[in-house]
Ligand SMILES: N[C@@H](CCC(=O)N[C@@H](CS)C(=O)NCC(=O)O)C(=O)O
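A lone chain, given as structure tokens: the form predicted alone.
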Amino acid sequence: MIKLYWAPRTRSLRALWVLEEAGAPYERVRLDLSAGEQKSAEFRAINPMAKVPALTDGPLNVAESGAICAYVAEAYPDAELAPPIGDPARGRYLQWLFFSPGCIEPALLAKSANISVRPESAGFGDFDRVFDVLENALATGPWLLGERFSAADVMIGLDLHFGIDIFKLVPSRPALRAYVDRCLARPALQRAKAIEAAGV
């Protein structure tokens, strides 16, 4: 069985959401970050970066929230959270899965730290371009792959929720706002948020 190592108010919410979407049986192990439990030798054997989320599935260890989303989507194909290999939508799915850590997160970090980066020097290009691209992709929606919800929506949906609603760094454009609202309405995300709020 999957064992998820997590903590509230971290990227663990992505892992909770994707596991709830998949209907996967899993055990939660909450780490107390303020007590430094993530720095223990036992946990660093699972994730040497000493961060959450991380999961184990038998002898397998997976860290990084994007990798966890991809792993769960592949491990539970009946949930249809990833187009299978050979599906024409597979390439676009992978692009969006990597767009989150490769473009959105660095753009949000640069904006929050007021760092000016030349677009040709930054892997994410520039802040406005990142969200212009997302707005364009979501204009026909409802999901990044059209009618198909995927693990990529878990990654990007939470990025936009945090960017717009929590950190208030991303302007609430109509297409982005509507997409975030669709994500927040999903029962699996509501369950994940309830788990996070309860802290168990």
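Since this is a predicted model, take the numbers as computed values, not measurements. The first residue of the sequence shown is number 1, and the count goes up from there.
There is another form of the same protein, the form predicted in complex with this ligand; it is not shown, and what comes next is about it.
S.K.: Exactly one residue in 29, 164, 50, 137 has a non-hydrogen atom within 4.5 Å of this ligand in the predicted complex; which is it?
M.R.: Checked against the cut-off, the match is 50.
S.K.: I need the one stretch from 145-153, 169-177, 52-60, 129-137 whose residues put non-hydrogen atoms within 4.5 angstroms of this ligand in the predicted complex.
M.R.: Only one stretch passes the 4.5 Å heavy-atom test: 52-60.
S.K.: Spell out, yes or no, whether the shortest heavy atom distance between residue 33 and this ligand in the predicted complex is within 4.5 Å.
M.R.: Taking the distances in the predicted complex, the answer for residue 33 is yes, it comes within 4.5 Å of this ligand.
S.K.: Quick one: name the residues from 8-34 with any non-hydrogen atom within 4.5 angstroms of this ligand in the predicted complex.
M.R.: The stretch 8-34, when checked against this ligand in the predicted complex, contributes 10, 11, 14, 33 at the 4.5 Å heavy-atom cut-off.
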